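We begin with a single chain expressed as structure tokens, specifically the form predicted alone.
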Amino acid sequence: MSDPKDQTIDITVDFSGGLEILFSNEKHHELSVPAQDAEGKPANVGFLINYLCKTLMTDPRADLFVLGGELRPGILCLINDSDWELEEEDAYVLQPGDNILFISTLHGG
């Protein structure tokens, strides 16, 4: 039996509205993320956001994606095509095959 700490979840993460610039100009990412966070709790969207900043983000301007460790206001998150507010927001526990889409609504002026 494998160690739960070694288990991963296969998900898809997409970025739109300019956020892809922070992630190697790639809009679509097929990822295998840890199934648990550092405390052994099931990985959720809050964990994913932190994970993306630490492992996938190539641009140093993390503040365009997160503020205070949370998703920046003005960025929409869809979980399997549903607003994350309908899916427990960052507490939503990731499931195999999930599609997480981040869309920036931030615009210069």
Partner chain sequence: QRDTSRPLTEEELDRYSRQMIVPGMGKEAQLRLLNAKVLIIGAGGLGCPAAQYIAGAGIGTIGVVDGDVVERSNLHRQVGHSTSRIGQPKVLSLITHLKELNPLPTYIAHTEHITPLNAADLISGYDLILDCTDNPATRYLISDICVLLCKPLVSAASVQTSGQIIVLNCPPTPQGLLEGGPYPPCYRCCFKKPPPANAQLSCGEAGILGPVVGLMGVAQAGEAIKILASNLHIPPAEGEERRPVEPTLLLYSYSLTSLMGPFTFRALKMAPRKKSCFACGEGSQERLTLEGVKRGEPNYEFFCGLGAGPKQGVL
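Numbering follows the first chain given and starts at 1. Note that this is a predicted model, so its numbers are computed, not measured.
If you look for the form predicted in complex with the partner chain, you will not find it shown, but the lines that follow are about it.
**Report entry** Close approach of Asp90 to the partner chain in the predicted complex, 4.5 Å, heavy atom
**Finding:** Close contact is absent here: in the predicted complex, Asp90 is far from the partner chain, nothing within 4.5 Å, heavy atoms only.
Query - 4.5 angstroms heavy atom contact with the partner chain in the predicted complex for Lys41 - result: Contact check for Lys41: no, nothing within 4.5 Å of the partner chain in the predicted complex.
Query raised in the report: Even though the partner chain is not shown here, does Glu85 get within 4.5 Å of it in the predicted complex, heavy atoms only?
Result: Contact with the partner chain, yes.
Query raised in the report: Should Ser24 be classed as touching the partner chain in the predicted complex when contacts are defined as heavy atoms within 4.5 Å?
Result: Result no; Ser24 lies far from the partner chain in the predicted complex.
Query raised in the report: Can we say Leu64, Gly74 and Leu78 each have a non-hydrogen atom within 4.5 Å of the partner chain in the predicted complex?
Result: Spot residues vs the partner chain: full contact, yes.
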